[in-house]
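This document opens with one chain alone, in structure tokens, the form predicted on its own.
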Amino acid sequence: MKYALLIDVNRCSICFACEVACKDEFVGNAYPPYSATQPDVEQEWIKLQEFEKGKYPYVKVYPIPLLCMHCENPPCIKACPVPGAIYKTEDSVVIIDPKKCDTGECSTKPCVKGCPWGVIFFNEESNISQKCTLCIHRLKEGQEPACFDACPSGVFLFGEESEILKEVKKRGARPMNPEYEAGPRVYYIGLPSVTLAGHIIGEQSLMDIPDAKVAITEKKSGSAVSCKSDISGNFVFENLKAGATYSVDVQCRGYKPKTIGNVKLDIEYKHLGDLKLAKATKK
């Protein structure tokens, strides 16, 4: 069996329960042969990072839980000069063996530098490198990883890789930094991308307008996509082309249509603000 993890950023409430659970599981606790005790400071084997995109007053915060990607082709294994110090289990969990990790042979800490995601840490007290083990000691007992178990918002979906990949395809998830060609087994929904958003309200009432049809068309290619505003009148288009120019057309029953031309995506998260629709003239 190979494990994989799906993380839905959109569900994250920034409660830090995942970080706390990881600390509670590993600080003061060793789980040989997979891990030694985690220091109580300066290491977060899962870390909730917050990225801000956009311009005031329309700013979006992306909370991204970051942990070891448990890659198919781990760069850390390639970087490590000590045979067997970093290895993949039969479940494809990447482990740093706390007994074989020998800084005498690699004082430059090549695995720490070799991880492009920066999720390997060096324990100065124990003289070993450490990272997320996917709580393999819990997996062996039929339990789920501590971060998954502690999350109150349903951010994490963990399981056998083939089943997770079905959800990845169904829900449009993607790995972080595929250009690294490492084959990460952690997939994300809601990673920062070039995004166009807005808020539709009535011109006179200033009330939210749900179910308005919003269509955007790229000027250069003529390609178009559409969606409907949600119950709060908001709409969002993600994974668009940086620097592209779009026209925006809004239609809703009982209101006059509205068109905004030449919207250039010059920032990663562009919000059009309040788009006011006037009531249609009764015939």
Partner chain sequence: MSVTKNDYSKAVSVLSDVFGSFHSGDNLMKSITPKEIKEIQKEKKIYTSTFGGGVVSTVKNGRVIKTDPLPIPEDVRQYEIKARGKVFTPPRKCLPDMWGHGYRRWIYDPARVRYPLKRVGWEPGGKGKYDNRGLSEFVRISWDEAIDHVTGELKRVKETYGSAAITYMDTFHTTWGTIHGMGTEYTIIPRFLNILGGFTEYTIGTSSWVGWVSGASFMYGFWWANATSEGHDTLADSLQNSRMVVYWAIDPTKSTRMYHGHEMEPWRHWVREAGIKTVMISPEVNDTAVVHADRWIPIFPGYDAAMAAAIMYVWITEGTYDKEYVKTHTVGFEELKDYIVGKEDGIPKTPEWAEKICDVKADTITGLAREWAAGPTTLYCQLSGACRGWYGHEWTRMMVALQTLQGLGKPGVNMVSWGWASGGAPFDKSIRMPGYTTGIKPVETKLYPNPVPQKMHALDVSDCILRPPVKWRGGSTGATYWGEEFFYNYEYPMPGYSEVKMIMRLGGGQILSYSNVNWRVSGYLTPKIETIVIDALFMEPCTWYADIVLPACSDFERNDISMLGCGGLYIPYSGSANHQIALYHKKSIEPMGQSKSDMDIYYSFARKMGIYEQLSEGNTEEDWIKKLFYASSICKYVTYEEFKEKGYYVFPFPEKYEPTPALRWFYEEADGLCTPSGKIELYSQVLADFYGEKNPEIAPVPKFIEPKDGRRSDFAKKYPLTIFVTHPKFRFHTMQENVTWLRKLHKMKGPDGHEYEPAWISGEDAVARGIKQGDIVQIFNDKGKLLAGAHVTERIKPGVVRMFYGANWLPDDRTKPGSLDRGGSANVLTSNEPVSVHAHLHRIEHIMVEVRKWEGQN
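Residue numbers count along the first chain shown, from 1. Rigid core: the largest C-alpha set superposing within 1.5 Å between the two forms. Everything numeric here is computed off the predicted structure, so don't read it as measured data.
One more form of this protein, predicted in complex with the partner chain, exists but is not displayed; see below.
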Partner-proximal stretch of 147-155, 112-120, 81-89, 168-176 relative to the partner chain in the predicted complex, 4.5 angstroms, heavy atom
147-155
Decide whether A242 counts as a contact residue for the partner chain in the predicted complex under a heavy atom distance cut-off of 4.5 Å.
no
Even though the partner isn't displayed, in the predicted complex is S205 close enough to the partner chain, meaning a heavy atom within 4.5 Å?
yes
Looking at the partner-bound form in the predicted complex, is S226 within 4.5 Å of the partner chain by any heavy atom?
no
Using heavy atoms and a 4.5 Å limit, would one call D24 a contact residue for the partner chain in the predicted complex?
yes
Within 225-249, the residues having any heavy atom within 4.5 Å of the partner chain in the predicted complex are I231, S232, N234
Quick one: once the rigid core is lined up, does G233 have its C-alpha move by 2 Å or more between the shown form and the other one?
yes
Quick one: once the rigid core is lined up, does I201 have its C-alpha move by 2 Å or more between the shown form and the other one?
yes
Does the C-alpha of Y255 move 2 Å or more between the shown form and the other one once the rigid core is lined up?
yes
